[in-house]
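Next up is one chain by itself, shown in C-alpha cells, the form predicted on its own.
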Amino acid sequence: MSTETTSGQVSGNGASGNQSLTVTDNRTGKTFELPITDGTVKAMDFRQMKAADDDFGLMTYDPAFTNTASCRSAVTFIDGDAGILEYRGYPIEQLAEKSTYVEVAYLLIHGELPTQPQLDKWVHDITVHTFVHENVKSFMQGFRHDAHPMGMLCGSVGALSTFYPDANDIKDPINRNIQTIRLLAKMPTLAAFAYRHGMGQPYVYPDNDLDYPGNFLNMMYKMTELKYQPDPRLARALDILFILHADHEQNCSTSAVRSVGSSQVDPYSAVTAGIAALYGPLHGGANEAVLRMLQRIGSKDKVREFIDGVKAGNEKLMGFGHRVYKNFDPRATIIKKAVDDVFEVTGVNPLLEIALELEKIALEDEYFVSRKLYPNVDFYSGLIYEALGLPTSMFPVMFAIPRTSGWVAQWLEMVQDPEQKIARPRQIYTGDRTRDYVGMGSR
C-alpha cells in the first residue's frame, strides 16, 4: 500500500514481510524505514525527518489522542468492533457471573486471580482499613450542605495524602501495597460520607462483619437499626456494577491518573486527578444524562415521537453508542440482568418501561442499526442507582468507587514501567512571534 501527500510518501509491508514502514519525505527526497512493533510506530521515529539541519523534526498531531498509544499495558483489553472486554485476559462476562468485585480488584492489581488464602488475606486487609481518621470527618463537615458529592470525594481523597505522608515513597513495593489497600478500602467510606453529608444525616461507620458492597449499603442507608442487614440481591447487583466499572483501558480519567502520576506524586493525588476527570459530564455523567432523557420523554407512548426527533437532529439519544465499542457494549447485556434483581427488591421504576420501549424501537430501526448505535452500560446503570434512592449527583461517585481499582492498577503499572517518563505533550504553536513591547500610551 502507498499513500502520497504534499509532504511525504508512505508504504507499509504486509504481515508476511518485514514489520516496518517506509516513509519518503518529499521535501528532501530522503527515505526512512520505521520499525513496526505491536502494530505501532514510535512517534519519536518521525523526529529524524528534517527539512534542514536546524529543523526540529516532524511531530505527529493527534487531538484527544484518538490514534496515539501512550503506554504499554497488560491490564485491560478491549476490541470495540467485536464487543470484547477482558480484565487481564478474563472475559468480563465470566468475571461478572462468577467473581466478586474485591476478587476482580485483586486480579487487576496483581495480574492473576487469587488463591483462597490470598483472597482471604486481601479481603481482611481491605476490611480492616475501611475506617478513616476522625479528622477526615471534620474535613468533610467543612463542605457546604449542598456541595456536590463528587467535589467532596475529590477533595477528601486528595486530603488523604496529608494523612499518609509516607505515600510519597512510591518506589517501595511494600509502601505501594499498603497505599493500594487504603485507597480501595476507604473510597466507599468517603463516598458514603459525602452522600450522608448531602442528606443532612450523621455519618455511619463501616461494619467489618459485612462484605464490600454490603458494607457500602450499610454506610449509605443505616438509620436507627442496631444492625443493618443489606438485601443480598441489592448487594450482588451493586457488586456486579462495581465489576463492570472497575477498569476500561486508557479512558480520560485513567489517562489523567497516569499523566499526573508520571510526576511521581503520591497515589492519592494521582487518583484525585482521575476523580476530577470523571467529574466531567462527558465521562462520569453519562448515566445521569440517560435518566434526564427518560424523564423528559415522560411516557412509553411518547417514545416514537422522541425517536423521530433524534433522527431529525432535534433530540440526542443518550446511552447508545460508545467511543470505543462499535458493536454492542458487553457490559450492557450483563447490567440489564442486574436491573431485574434490583427492581424485584425496590419495585419497578416507571422509567424502565420507557427505557425498554426506547431500546426495542432503536434496535429495530435501520437508522440506528446502520450506525451501530447499541445500548451501552450507562443506559441501565442510572435506573439502578435511582432505584436505590440515590440523587443523580451521586451517580459519578458510584462510578469512582470501583474505578479506583483500575486507576491503581494502571498507576502501579506506570510507575514500574522503565519506558515511562513525566508526561509532556508537544504543541503546534499558532500565535504571533517576536513582537516588540508596546508602551501603555501607544496601545
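All values reported here derive from a predicted model rather than from experimental measurement. When you see a residue number, it is the position in the sequence shown, counting from 1.
There is also a form predicted in complex with carboxymethyl coenzyme *A (CMC); it is not shown, and the following applies to it.
A.B. asks: From the candidate stretches 323-331, 255-263, 224-232, 105-113, select the single one in contact with carboxymethyl coenzyme *A (CMC) in the predicted bound form, where contact means a heavy atom within 4.5 Å.
C.D. replies: So the stretch in question is 323-331.
A.B. asks: Can you pick the one in A96, A338, V310, A185 that has a heavy atom within 4.5 Å of carboxymethyl coenzyme *A (CMC) in the predicted bound form?
C.D. replies: Of A96, A338, V310, A185, the residue with a heavy atom within 4.5 Å of carboxymethyl coenzyme *A (CMC) in the predicted bound form is V310.
A.B. asks: Within 4.5 Å, heavy atoms only, which of L373, V123, I170, V136 is in contact with carboxymethyl coenzyme *A (CMC) in the predicted bound form?
C.D. replies: Checking each option against carboxymethyl coenzyme *A (CMC) in the predicted bound form, the one that comes within 4.5 Å is L373.
A.B. asks: Is R236 close enough to touch carboxymethyl coenzyme *A (CMC) in the predicted bound form, meaning at least one heavy atom pair within 4.5 Å?
C.D. replies: Judged by the heavy-atom cut-off of 4.5 Å, R236 is well away from carboxymethyl coenzyme *A (CMC) in the predicted bound form.
A.B. asks: Can you check whether K360 is within 4.5 Å of carboxymethyl coenzyme *A (CMC) in the predicted bound form, heavy atom basis?
C.D. replies: Contact with carboxymethyl coenzyme *A (CMC), no.
A.B. asks: Taking 4.5 angstroms as the cut-off for heavy atoms, does L317 touch carboxymethyl coenzyme *A (CMC) in the predicted bound form?
C.D. replies: Close contact exists here: in the predicted bound form, L317 approaches carboxymethyl coenzyme *A (CMC) to within 4.5 Å, heavy atoms only.
A.B. asks: Under a 4.5 Å heavy atom criterion, is R176 part of the interface with carboxymethyl coenzyme *A (CMC) in the predicted bound form?
C.D. replies: Contact check for R176: no, nothing within 4.5 Å of carboxymethyl coenzyme *A (CMC) in the predicted bound form.
A.B. asks: Taking carboxymethyl coenzyme *A (CMC) as it sits in the predicted bound form, which residues of 342-378 have a non-hydrogen atom within 4.5 Å of it? Please list them.
C.D. replies: Read in sequence order, the residues that approach carboxymethyl coenzyme *A (CMC) (within 4.5 Å, in the predicted bound form) are Y367, F368, R371, L373, N376, V377, D378.
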